[in-house]
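What follows is a single chain, given as structure tokens, in the form predicted alone.
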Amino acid sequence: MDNKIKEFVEKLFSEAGKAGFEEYEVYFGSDNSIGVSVREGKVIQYENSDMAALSFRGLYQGQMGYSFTEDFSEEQIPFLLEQAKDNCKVLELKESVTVYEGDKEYPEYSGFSEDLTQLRYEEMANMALELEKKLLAYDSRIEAVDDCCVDYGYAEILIRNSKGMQCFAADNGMGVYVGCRAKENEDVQTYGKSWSFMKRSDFDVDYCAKYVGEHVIAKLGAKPVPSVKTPVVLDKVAARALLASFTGSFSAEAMQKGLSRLAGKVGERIANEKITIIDEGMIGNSPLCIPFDSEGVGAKRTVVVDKGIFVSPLHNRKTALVDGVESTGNGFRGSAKGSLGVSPTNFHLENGTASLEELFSKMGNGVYITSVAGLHAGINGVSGDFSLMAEGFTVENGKVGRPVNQITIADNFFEMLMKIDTLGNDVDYYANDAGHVQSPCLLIPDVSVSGE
């Protein structure tokens, strides 16, 4: 961490005590990234972004006040402290908010790759150019690579307070995104895919080109199916997109505000016995590990739903105080400037045992959904109702058939949890395309599909 930031925090702490703050805390976050985009064999864009911000909160005359800065000059300190005091004066609701003394121990975290620090602009450009070249050569029907980007990012977080807590984490990663367009006769289809890597050697240009090429070509000739209520297999990408849209329902903050259908249902059955949902900050050596939340609470493993029974919502320290429980380590800010809320860490439906092919065989005839769209407009986070544009394939006699597009799938998320028939075995937090919300592929016996 930059010595300038350390010196700024030291001076801020010294002045905060003199200014009458009973306890205080800083949250510092920085994000540095470079990126290269190519098209038609040329570099078309180079980006270099550096962002850093610090938020201060302090307890003054029984109220917790907040302030924020992106300027780390010493002259900014009086303004920060005065702004926090002014914030205390206008707060009407008195809350029992304190800073956290910290855990005795925190999990070891290794989200930083020395190998990636050697990544340079020229190497990134060559990676992107080679990927574009190989994807165009994969099939003559691929007429253009519309997006091909390689980026590198480095981020730091520091939380320090007057009770002696100090949490620091740094991580970095390389990302690759490629999107292309294929055409056959008058039919045009698009497909895009992203990956992240912790080592330069993990990037396999042939694999990435083949993966995207196969998927875009497979979509050619897609057309709707007749409207019907039918069995559906949700691919893990579509299933996790749907699950991610409803993670807020498992937040204690949403429940306390009356914005979740699950309010008051702890201890009740909300899904069938095949469903277990877990939120877990540390997933082995996955690059998605989160050692502590934005309040300095160490990573935890929270069983949210256990064999269909709603066991625990996700908490930050404030919501935990209201419910008389401990924080689950899910107090997060979107950025240093953002307010503290409740967010998942690594949230997933626990794996089943079936392969994708076994799900098709069990379904017999139906629709295989590979992607969904309209996740903002088409979802009611409180009721659970959803109606989403979707793409995929028909399944006939247990075998994947023709491609399908321009259809809508509709159901209710909470009712779906009750009727999921079989779960796949493909949750993988170590995959290069893993995200913080995961789901295996799912066989659902009856979903409304609207098409022709």
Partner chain sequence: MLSDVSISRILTAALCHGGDFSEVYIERSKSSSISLLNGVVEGTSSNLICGIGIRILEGDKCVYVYSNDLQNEEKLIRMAKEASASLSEVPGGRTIYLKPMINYTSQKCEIHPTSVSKAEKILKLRKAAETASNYSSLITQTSASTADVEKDVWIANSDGLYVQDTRCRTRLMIQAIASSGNNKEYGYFGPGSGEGYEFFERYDLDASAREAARIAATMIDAKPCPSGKMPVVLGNGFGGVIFHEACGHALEATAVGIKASCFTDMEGKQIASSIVNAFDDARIAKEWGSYEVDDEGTPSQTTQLIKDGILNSYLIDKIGSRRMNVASTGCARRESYTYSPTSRMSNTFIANGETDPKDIIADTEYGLYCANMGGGSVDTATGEFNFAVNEAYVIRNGKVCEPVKGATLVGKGNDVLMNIDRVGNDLKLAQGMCGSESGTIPVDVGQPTIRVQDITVGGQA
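Numbering follows the first chain given and starts at 1. Here the structure is a predicted model, which means the values were calculated and not measured.
There is also a form predicted in complex with the partner chain; it is not shown, and the following applies to it.
Proximity to the partner chain in the predicted bound form holds for all of Y46, V188 and K337, with the criterion being a heavy atom within 4.5 Å. Of the candidates G258, G364, G164, G284, G258 is the one whose heavy atoms come within 4.5 Å of the partner chain in the predicted bound form; the others do not. N87 is the sole member of S312, N351, S371, N87 with a non-hydrogen atom within 4.5 Å of the partner chain in the predicted bound form. Mapping the unseen interface onto this chain, A137 falls outside it, with no heavy atom inside 4.5 Å of the partner chain in the predicted bound form. Of the heavy atoms in K399, none are within 4.5 Å of the partner chain in the predicted bound form. Taking the partner from the other structure, the partner chain in the predicted bound form has a heavy atom within 4.5 Å of a heavy atom of D385.
Among heavy atoms of V97, none comes within 4.5 Å of the partner chain in the predicted bound form. Partner proximity in the predicted bound form, defined as non-hydrogen atoms within 4.5 angstroms of the partner chain, places exactly one of 237 to 245, 199 to 207, 261 to 269, 167 to 175 at the interface: 261 to 269.
With contact defined as any non-hydrogen atom lying within 4.5 angstroms of the partner chain in the predicted bound form, R181 is the only contacting residue in 159 to 186.
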